[in-house]
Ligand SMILES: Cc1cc2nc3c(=O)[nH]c(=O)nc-3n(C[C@H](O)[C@H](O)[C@H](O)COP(=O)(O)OP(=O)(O)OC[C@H]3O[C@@H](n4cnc5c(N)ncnc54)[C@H](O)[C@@H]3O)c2cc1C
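Okay, so here's just one chain, in structure tokens, the form predicted on its own.
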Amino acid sequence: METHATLIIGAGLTGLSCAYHLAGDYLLVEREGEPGGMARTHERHPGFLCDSTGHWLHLRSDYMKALVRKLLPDGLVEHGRKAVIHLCDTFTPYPFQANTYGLPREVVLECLIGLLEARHPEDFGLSPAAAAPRDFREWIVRNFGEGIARHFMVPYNEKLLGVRLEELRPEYAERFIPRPSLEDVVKGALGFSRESLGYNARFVYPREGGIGGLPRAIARGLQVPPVYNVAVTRVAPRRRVATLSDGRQVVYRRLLNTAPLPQFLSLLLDLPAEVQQAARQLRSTTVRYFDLGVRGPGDAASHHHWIYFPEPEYVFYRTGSYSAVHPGTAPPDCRSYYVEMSGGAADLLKQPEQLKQRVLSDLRKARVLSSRDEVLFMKLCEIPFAYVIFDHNYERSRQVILDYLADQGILSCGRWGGWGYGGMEDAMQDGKTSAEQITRGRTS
């Protein structure tokens, strides 16, 4: 058997960041032939670079800003978000709650009155809520009112996740939802838009090579490069031994897992019954998406960065354009898109050719594609475990599992290993924090 102080499973951004920040001996294994995990870039068609849906870097911390600039010197382009919501056959800027201008007057009025009732219930003869919200739907109504909830936030999130919002914890996605002032909402209803609201109003993207350039740069900076095309097939936590797909056995002192938590747990021997029960309660939504390339002049909505579709008559919940953000991801006179579908497309997913035609029809109806566009390719892809379901069992089940793993010398973190939700900066920060925990554990 070979021995390593730390075994890291997965060369996505979390695993790479852990290795980058880790002082000492480690082995980083990755089942794919390249680094990046979901932050990889694929050339789907000659000249078309696709990033497994939108991967835009929203950097908040000074440390991560400096690190990314160091890894990609002179290689980042900053963008201001150009995102809209499609509703009532029109487009209104994101975020919806501060930009209802242009919608039918009765919709605008319902949204405004609902927000006023939520923020100032006493002015409408209503009593303020005495208790905290019980679920995510109630949290939305408390913060934005019934109109905004009914027209956008509830249908969009249920279309995305495939579950009723009453099943979710009230604080689900709270960090990612802008809560504009009453002044901003009124201005947005009258056409004085505030499009700069929210965590993703500005973002950066690599100048060359797609988002995959970031994990490749981290991998190049590692003291010990990842071992590719090798997976962990079994873990004996009590013995601290992992079996690899190439037949090797590795004795480790600490293990960092970044693979999806249910997949990782299935590799562990002798899981206690309580942990098995908690694992059965972990829920998530699988996302399917088309990467799509076209040649042609486009139509009215061709050049938005991304578009939200809360309405049920559209099979997708969101579309985005790689080339609208960064023209270098598509050849001249061409455009590229990702088209995301979740629970609402379940029946059509069984019939890929019909789904393809439905998607193209809906894209033309929404004016994302023009009848003059020539479709060059469409590739159907899948993201398992894309969104964790933060239901009312979530916190306890997750904690039971993570506590057990910690007792066995195992850290599990990142978006999927930690069974949470976050962006690329969060993944890299998780890796850095894990490296610090591992180092402290080794020297204590």
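Everything numeric here is computed off the predicted structure, so don't read it as measured data. One-based numbering along the sequence shown.
One more form of this protein should be noted, the form predicted together with this ligand, which is absent from this view; the next part is about it.
Asker: Is there a heavy atom of F390 no more than 4.5 Å from a heavy atom of this ligand in the model of the complex?
Answerer: Taking the distances in the model of the complex, the answer for F390 is no, it never comes within 4.5 Å of this ligand.
Asker: How about K379: is it within 4.5 Å of this ligand in the model of the complex, going by heavy atoms?
Answerer: No, no contact at 4.5 Å.
Asker: Hey, in the model of the complex, does E32 get a heavy atom within 4.5 angstroms of this ligand?
Answerer: Yes, E32 lies within 4.5 Å of this ligand in the model of the complex.
Asker: Given that this ligand is not shown alongside this chain, does A406 nevertheless sit within 4.5 Å of it in the model of the complex, heavy atom to heavy atom?
Answerer: No, A406 is distant from the partner.
Asker: Among L282, C334, L103, V230, which has any heavy atom within 4.5 Å of this ligand in the model of the complex?
Answerer: The residue from L282, C334, L103, V230 that makes the contact is V230.
Asker: Tell me, which of V141, M153, L267, L360 has a heavy atom within 4.5 angstroms of this ligand in the model of the complex?
Answerer: Checked against the cut-off, the match is L267.
Asker: Counting only non-hydrogen atoms, which stretch in 23 to 31, 64 to 72, 371 to 379, 397 to 405 is within 4.5 Å of this ligand in the model of the complex?
Answerer: Checking each option against the 4.5 Å cut-off leaves 23 to 31.
Asker: Check each residue of 53 to 67 against this ligand in the model of the complex and list those with a heavy atom within 4.5 Å, in sequence order.
Answerer: Sequence-ordered list: T53, G54, H55, W56, H58.
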